[in-house]
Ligand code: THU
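Next up: just one chain, as structure tokens, the form predicted alone.
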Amino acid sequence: MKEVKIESTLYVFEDLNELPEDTIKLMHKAIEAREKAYAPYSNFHVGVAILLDNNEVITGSNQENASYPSGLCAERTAIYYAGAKYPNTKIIKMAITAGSKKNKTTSPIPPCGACRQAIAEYEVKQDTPIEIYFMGEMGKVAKSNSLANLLPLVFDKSVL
């Protein structure tokens, strides 16, 4: 038997203002999208903004449904729209913000497992890493240079 150690690298900024200017703008679009979330059951609102290599910005918010789990997370809402509208365009970076209507969220909140898998699909498809920035409503912002840091043992088409 052999032990395998897996490491991930994240960069943590103290707040939004430490980010590069273009990323601050992208995060503000994610914050605007978060305000449009439909989350009457969880009261957990998520917004995302995705920058494509054609300079288009796609936003998305989580959309819940009384018939769990029929809703859709913000990240997948935006990624699938980008894939449908711009199928040959690469995703350069994404900004994600999440907040609860019950508690103030001040720690970076990463994408859920299903969203990580969806992001992985596009990162593998485009053969280019996707920068991922994520935060709560306020406070620190985490950055991953690739989805591989958030989902190191990716399941993709190579195993099918």
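From 1 onward, residues are counted along the sequence shown. Values in this document were obtained by computation on a predicted structure and should not be read as measured data.
Missing here is the form predicted in complex with ligand THU; even so, the following discussion is about that form.
- Proximity to ligand THU in the predicted bound form, taken as a non-hydrogen atom within 4.5 angstroms, holds for one residue of Met94, Ala33, Cys115, Met135, which is Cys115.
- None of 120-128, 49-57, 23-31, 106-114 except one has non-hydrogen atoms within 4.5 angstroms of ligand THU in the predicted bound form; the exception is 106-114.
- Contact check for Cys73: a non-hydrogen atom falls within 4.5 Å of ligand THU in the predicted bound form.
- A residue is said to contact a partner when one of its heavy atoms sits within 4.5 Å of a partner heavy atom; Ser42 meets this definition for ligand THU in the predicted bound form.
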